[in-house]
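As a starting point, one isolated chain is supplied in structure tokens, in the form predicted on its own.
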Amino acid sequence: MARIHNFSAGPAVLPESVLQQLQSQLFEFGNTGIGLMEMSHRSAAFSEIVDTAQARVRRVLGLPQDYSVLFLQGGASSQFLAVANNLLQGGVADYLDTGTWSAKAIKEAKRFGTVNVAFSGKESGYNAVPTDWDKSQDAVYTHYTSNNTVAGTQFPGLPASHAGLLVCDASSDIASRPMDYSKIDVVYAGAQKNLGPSGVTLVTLSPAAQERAAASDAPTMLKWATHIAAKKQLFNTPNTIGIYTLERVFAWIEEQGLQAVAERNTAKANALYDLFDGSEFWEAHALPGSRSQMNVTWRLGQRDLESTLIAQAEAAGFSGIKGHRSVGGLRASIYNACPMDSVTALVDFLSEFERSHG
């Protein structure tokens, strides 16, 4: 069966070249005599994989050597808890509420100190990200979600100003465009959108974040210092195949250059937004200036046609365009590995649907 057009929000499409490399290593990794999933995480072969993966992360994201690069488990959802557990320590933190996942992070942070919701887009349906907000003078950190998969919004760049350390949930747009990640004290991202399969969580920590976290009384597995101090920063058995795949995805990004990846992402997103802005048949959810280049969300003016569109799209080989269950509507997730051909095919399909039903 031919591969279909995959617009899933995550786990998401992976580069075909990476899938082929992964397939070739499953039965025997290099000349080790055992498969990739059978290797000890303490073996010399896997140790080299970890070293290479951490080095690639630093190069692609532009991180200094004194930043920690951790490959953890539990997804971004565990880091909602870990961020506050390691950093807040009874203090105050500013949180920007731009959607479903930031709201979950806020809920967890309230367990460990005072949360100032410095901005909330809830009343407007989370259709825009802020340019300014009500900062706390004594905030330990400011937390934001760089890209919002459910609402389809994205910060166009780094926040202009913030209080305390800067913490970013970059799960759905990490390594999608050039960004000065060295200005972000904590970056965490589930791998299953832009970096690989589910089961690995990338966490990067500045020296200031490391120092603050060292004094926390977080439980062993949630305490970042536990993992930083461990040999190869691997405290327990990690998702070995996930880390290898992440390294291969970062190699794929590095070979092209982050600027080239960003230009392709912009072209893909613009192809869809141009269609939606050009006709009253469609309604883009996010406002210009806040629109995501990773998750394009929209509605039909005739809401009763949405189920018909979803069914016909599925039959035509377009997977994953149904909107998140909490908001409905439609969504196309066009992460780094989503090819331009898939977006072009979707635009053609949607244009034909409009001609037939408009």
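Residues carry their position along the shown sequence, with the first being 1. This structure is a prediction, so every number in the text was calculated from the model and none was measured.
Another form, the form predicted in complex with a small molecule, is not on view; read the next lines as being about it.
At a distance of at most 4.5 angstroms from the small molecule in the predicted bound form, all three residues A76, T149 and S171 contribute at least one non-hydrogen atom. Residue-level contacts in the predicted bound form: of S176, T142, Q192, N86, one residue has a heavy atom within 4.5 Å of the small molecule, and it is Q192. With the partner omitted here, the residue from Y181, F119, W101, F281 that has a non-hydrogen atom within 4.5 angstroms of the small molecule in the predicted bound form is W101. Note on the interface: of 284-292, 68-76, 127-135, 225-233, the segment with non-hydrogen atoms within 4.5 angstroms of the small molecule in the predicted bound form is 68-76. Contact between F80 and the small molecule in the predicted bound form is found at the 4.5 Å heavy atom cutoff.
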